[in-house]
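Below you'll find only one chain, the form predicted on its own, shown as structure tokens.
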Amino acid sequence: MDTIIAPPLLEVKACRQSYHKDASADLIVLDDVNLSLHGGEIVGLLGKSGSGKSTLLRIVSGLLAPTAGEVLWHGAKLRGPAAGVAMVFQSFALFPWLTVQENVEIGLEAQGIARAERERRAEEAIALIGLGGYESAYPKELSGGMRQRVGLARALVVHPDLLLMDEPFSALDVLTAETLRTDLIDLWSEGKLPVKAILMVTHNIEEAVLMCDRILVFSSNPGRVASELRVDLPHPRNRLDPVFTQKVDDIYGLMTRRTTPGRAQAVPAAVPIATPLHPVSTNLLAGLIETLVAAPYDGRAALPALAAALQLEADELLPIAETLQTLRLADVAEGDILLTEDGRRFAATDTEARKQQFATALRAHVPLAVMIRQVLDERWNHRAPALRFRDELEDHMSPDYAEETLRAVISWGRYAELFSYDEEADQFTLEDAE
């Protein structure tokens, strides 16, 4: 007898999201994204900041219409907010003037559910997520973990087919996040969650492997599904299991894999200044170099082991590593980071020599820094408004990326004494710079 495969709850087909910018090309956030989600699955969306994962979640919920492509919910094209979908946010998003019970009931009240039924279902949801006895408490009386449990109860009380979670544990401390994560998986494994499927956004690689049945790894600028991995491990999962650690290693490798030749680039070659940069402090860059050059690494480390040793998540470690690669102080590929000769030389020199080497690296590998210095050299008063460079960046990237990129160059240029920056006037200057 042939096995009957149930149709997916959700299908995203050739999804594209872009925003029109006057007098410049459209800003593409997502491009050609495809995914499906079946009942009984937890699927994770994993990628670096800015890869469009949260935007995709809003599209799936029906709160944002894609520029192109379509979303099918129970086989029908989604138009507007989807019935049977609930979301848990990174921020707790509770109404401070309402009690726990009232916060949980609010979605049912919007649906016109009778008061007695609202109260019964809210009490069940509150008890389910472990907050029984706190029904009359206000959010200010609760810890962060308890407030997130209220947010979870508020989503579950409507008995959604699909639960969307946007980095639901990232605002919590490590121990609280681990407890809530474990409790949620236990409820899921025992069939106690009143949902058919979960789609979650995360930056935490171990969290994705710990919770998800499938993981979609996104590339950035624009966001695309670069890889899909299946995690065939029973719950509860053991972080020390060699299969678990290998999955984590595999994902680090995917997230540090270099772009293959011929693939469309996020930034046109004609505008090198528009390369997005991470606003990583020079202290963090120097600290990672010094860590790598010392034992036991001796210049080379596997990123998963390094992240564990430094107690950093991938989304915290990768921007530092990638910035070192941009400056040619390290090489990052296939889940490893390796100091270059320049990186080793940086570690071995004093503060003044480091500044000089950093300035040389900026001139060689960061075109935006070169452009700013050139403009300052050419102007009679050696001053230039930051708005001039911010506007140019925004012709090729989002305002958030533009601001992050400019902030990165401001910090690095100051450290290297390539130029100065007047915060109050929002101007670059050569005052106090060599």
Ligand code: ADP
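In case it trips you up, residue 1 is the first one in the sequence shown, and so on. What we label the rigid core is the largest C-alpha set whose atoms superpose within 1.5 Å from one form to the other. From a predicted model like this one, the values you see are computed outputs, not experimental measurements.
Absent from the display: the form predicted in complex with adenosine-5'-diphosphate. The rest refers to it.
In summary, the region of this chain contacting adenosine-5'-diphosphate in the predicted complex, judged by heavy atoms within 4.5 Å and restricted to 365 to 373, 378 to 386, 51 to 59, 35 to 43, corresponds to 51 to 59. In the predicted complex, adenosine-5'-diphosphate sits within 4.5 Å of a heavy atom belonging to residue 397. At the 4.5 Å threshold, heavy atoms of residue 27 reach adenosine-5'-diphosphate in the predicted complex. Annotation for residue 277: C-alpha shift of 2 angstroms or more between this form and the one not shown, rigid core superposed. Relative to the superposed core, residue 70 shifts its CA atom by less than 2 Å between this form and the one not shown.
The pair residue 397 and residue 55 is tighter in the predicted complex: their Cα-Cα distance falls by no less than 3 Å compared with this form.
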